[in-house]
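Here we start with a single chain on its own, the form predicted on its own, put down as structure tokens.
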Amino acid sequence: MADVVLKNVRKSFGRAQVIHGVDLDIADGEFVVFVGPSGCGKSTLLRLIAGLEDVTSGDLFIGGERVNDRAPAKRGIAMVFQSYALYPHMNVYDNMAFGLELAKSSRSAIDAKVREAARMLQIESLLDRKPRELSGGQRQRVAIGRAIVRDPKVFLFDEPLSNLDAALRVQTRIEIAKLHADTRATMIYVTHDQVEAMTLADRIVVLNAGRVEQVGTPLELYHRPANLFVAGFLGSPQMNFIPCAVSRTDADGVQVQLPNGGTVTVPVSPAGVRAGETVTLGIRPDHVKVLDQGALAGRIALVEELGESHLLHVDIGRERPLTVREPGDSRHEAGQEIGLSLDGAFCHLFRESGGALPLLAPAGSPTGRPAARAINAA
């Protein structure tokens, strides 16, 4: 296995620059997920690592060796694509063995590797079937098995679950997580699905318009987003954002004025913050509490029943309603007037530039928000 290091990596197509100076260290055996909206450059970055696209400038290292000019087949990587790309005329065994046959491996070595990969993926009974006889999830497991038998230094996954239905996505996601636990291989995984990112990753790389917005563990990014983009992208439902004005600052943090006159004090650093400054308060739906009277008041516009919980969409007189997650056994209905309490310990404040004000609370405090490690590329 091997580590992967990117140093000021840039990629341009003609005059259009799509990757802007990415610096990233991926440790040996780490599972790293690239996540971001469509067009953010995550698949392009993966293709640069694979050698399917040429690096315009910067350096790319795999296992300590610079590979900018090395062919994909010589990089020690194996890639699993969104499309299964299986040979329709070959059975599962031959599809998995084909790359090893091209590499002139012995028949006994090929057989051992194919059968071991099939055992890991629980597809031993499918080895004699053709791709047309398999379900989508089974085909994707064959594609993953074809990568496993190559014993690569690095596994690359380019949105491998996007063609599967919801149930198969969950099942195959679990299988990929087990594969990483069994092999401890270095894995880089691209997805636009934040649930996949949060459940699979040791660390997440959030990309936006070809730039790295933040790098960290799933909980670091969830609890301590570096900016408005990361805060809004990670989390389902999305974090609530409320424009506010700073009313005062002191050693306890920053107090802001809410739209209907209430206030909340957020334990963030007041350094450089002035009274009257416009900021954005962010709070996740799980941390908004329903009361008879609260810092905010509104009318329930819509109730989404989810079984174990339900989502209230509350009109507070702003363009976008506030989303509140309530237990499934609570009773609310559209048109009901309610009060809302915002716990400052779970709030975030973002300046007009989009950057988050750093939290005063240290790691392990009652906020439950661990310290973040943010990397912002130039």
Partner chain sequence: MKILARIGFWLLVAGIGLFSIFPFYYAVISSFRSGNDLFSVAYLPERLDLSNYVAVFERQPFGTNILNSIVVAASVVALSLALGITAAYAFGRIRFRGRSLLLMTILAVSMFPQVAVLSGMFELIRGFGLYNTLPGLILANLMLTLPFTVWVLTTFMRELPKEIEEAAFVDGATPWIVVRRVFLPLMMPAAVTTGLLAFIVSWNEFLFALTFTLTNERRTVPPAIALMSGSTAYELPWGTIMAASVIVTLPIIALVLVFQRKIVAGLTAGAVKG
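Treat the numbers as computed from the prediction; the structure is a model and nothing was measured. Note that the rigid core is defined as the largest set of C-alphas that superpose within 1.5 Å between two forms. Positions refer to the first chain, counted from 1.
Another form, the form predicted together with the partner chain, is not on view; read the next lines as being about it.
Legend entry - Contact assignment for the partner chain in the predicted complex, among Leu121, Ala226, Leu86, Leu207, heavy atom within 4.5 Å: Of the candidates Leu121, Ala226, Leu86, Leu207, Leu86 is the one lying within 4.5 Å of the partner chain in the predicted complex.
Inset, instruction - Sort through Ala231, Val266, Val215, Met79 and report the residue having a heavy atom within 4.5 Å of the partner chain in the predicted complex. - result: Residue within 4.5 Å of the partner: Met79.
Legend entry - Heavy atom of Arg150 within 4.5 Å of the partner chain in the predicted complex: Yes, Arg150 lies within 4.5 Å of the partner chain in the predicted complex.
Inset, instruction - Using the partner position in the predicted complex, report whether Leu102 sits within 4.5 Å of the partner chain, counting heavy atoms only. - result: Within the cut-off, so yes.
Legend entry - Contact of Arg47 with the partner chain in the predicted complex (heavy atom, 4.5 Å): Taking the distances in the predicted complex, the answer for Arg47 is yes, it comes within 4.5 Å of the partner chain.
Inset, instruction - May I ask you to check whether Phe98 falls inside a 4.5 Å heavy atom distance of the partner chain in the predicted complex? - result: Yes, Phe98 lies within 4.5 Å of the partner chain in the predicted complex.
Legend entry - Site test, Leu52, Pro72 and Arg146 vs the partner chain in the predicted complex, non-hydrogen atom cutoff 4.5 Å: Yes, because Leu52, Pro72 and Arg146 each have a heavy atom that approaches the partner chain to within 4.5 Å in the predicted complex.
Legend entry - Contact stretch among 86-94, 171-179, 280-288, 304-312 - heavy atom within 4.5 Å of the partner chain in the predicted complex: Only one stretch qualifies here: 86-94.
Legend entry - Rigid core superposition, Asp151 Cα moves 2 angstroms or more between the shown form and the other one: No: Asp151 shifts by under 2 Å between the shown form and the other one.
Legend entry - Exceeds or equals 2 Å, Cα of Arg132 between the shown form and the other one, core fit: Shift of 2 Å or more: yes.
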